[in-house]
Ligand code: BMA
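Encoded as structure tokens, the following chain is the form predicted on its own, with no partner shown.
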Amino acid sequence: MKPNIPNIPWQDRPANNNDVIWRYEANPIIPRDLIPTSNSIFNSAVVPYQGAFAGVFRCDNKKREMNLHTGRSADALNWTLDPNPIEWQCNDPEIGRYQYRYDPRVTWLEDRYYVTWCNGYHGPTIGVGYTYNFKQFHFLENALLPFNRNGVLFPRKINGKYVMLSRPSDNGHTPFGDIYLSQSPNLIHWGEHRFVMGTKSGWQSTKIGAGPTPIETPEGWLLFYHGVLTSCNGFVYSFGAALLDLEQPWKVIYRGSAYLLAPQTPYECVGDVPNVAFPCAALYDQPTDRVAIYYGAADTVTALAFTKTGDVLQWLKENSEL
């Protein structure tokens, strides 16, 4: 089924703006205090749902506990979030216990919406669950051993297997990280791990990680990913793009040499964690080629940016460094 979101949020490129990706002029779209208990709402994932939109949101509360909440919107701009965290239905009490939950991604896959997130189970790992209606949520398993982050599912099986990107890491504020791919017959048991790509100089010199669900194009899987550099004042999170092979997605066809969006506005530069632009979701309307990218800003609020896949692919071809 081709992606078709006629009501995708959209704002035309501003006059005299030549950027491949441009920001929504009313950013941030979700403030840090949209629900009474929240300290910050960021690094969240949205999808089309029943003619409108739904999502899973990272909400750090005023105790500074990290957890996931569900939300709904008619236009993908104005959101209503459940003030209570998601209660996961889990058959195994062992994995039902957790230390934290954060940085979700949501992917429509076959007949349901799958959620992946960083799950605290003796350290950070990748939790996998699903929902049909954004009311009841079912926890399947932790996909990988600690320590790991940025688990991102592909939206369909590839060569008969489920496929997920992740970034093996450590238990702290990881000063390293490359993107790997894992495969599964059932979304429970993961193996056949493959290296996808590692750090490079400049904006992606410290660590990288997959962002939104990859977008399938005739030329390959379009992947938006974040890159981090270590400045004299700490980490700086920007995001760029790469194109992966359709049938062997651990093979990189193009990889942008420069970032596409970096923290430059006040809401990206000032907050709980300054200088962060962290993408977690992308809506794609194939008939218009429009893409709306949701990203966390300064680990505090949620912002929105726009592009078109054709523009990104052309830019990748002209600015690729593998």
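Keep in mind that what you see is a predicted model, and the values were worked out from it rather than measured. For every residue, the number given is its place in the sequence shown, counted from 1.
One more form of this protein exists, namely the form predicted in complex with ligand BMA; it is left out here, but the text below deals with it.
Legend entry - Stretch in contact, per heavy atom within 4.5 angstroms of ligand BMA in the model of the complex, of 181-189, 81-89, 95-103, 211-219: This holds for exactly one stretch, 95-103.
Legend entry - Contact flag, residue 57 vs ligand BMA in the model of the complex, heavy atom cut 4.5 Å: It does not: once ligand BMA is placed as it appears in the model of the complex, residue 57 has no heavy atom within 4.5 Å of it.
Legend entry - Contact of residue 270 with ligand BMA in the model of the complex (heavy atom, 4.5 Å): Answer no; every heavy atom of residue 270 is more than 4.5 Å from ligand BMA in the model of the complex.
Legend entry - Partner proximity in the model of the complex: residue 44 to ligand BMA, non-hydrogen atom cutoff 4.5 Å: Residue-level check for residue 44: no, no contact with ligand BMA.
Inset, instruction - Indicate whether ligand BMA has at least one heavy atom within 4.5 Å of a heavy atom of residue 278 in the model of the complex. - result: The answer is yes: residue 278 has a heavy atom within 4.5 Å of ligand BMA.
Inset, instruction - Look at the candidate spot formed by 224, 285 and 308 and say whether ligand BMA comes within 4.5 Å of a heavy atom in all three of them in the model of the complex. - result: Per the other structure, none of 224, 285 and 308 touch ligand BMA.
Inset, instruction - Enumerate the residues of 210-248 that have a non-hydrogen atom within 4.5 Å of ligand BMA in the model of the complex, in sequence order, or give none. - result: Residue within 4.5 Å: 237 only.
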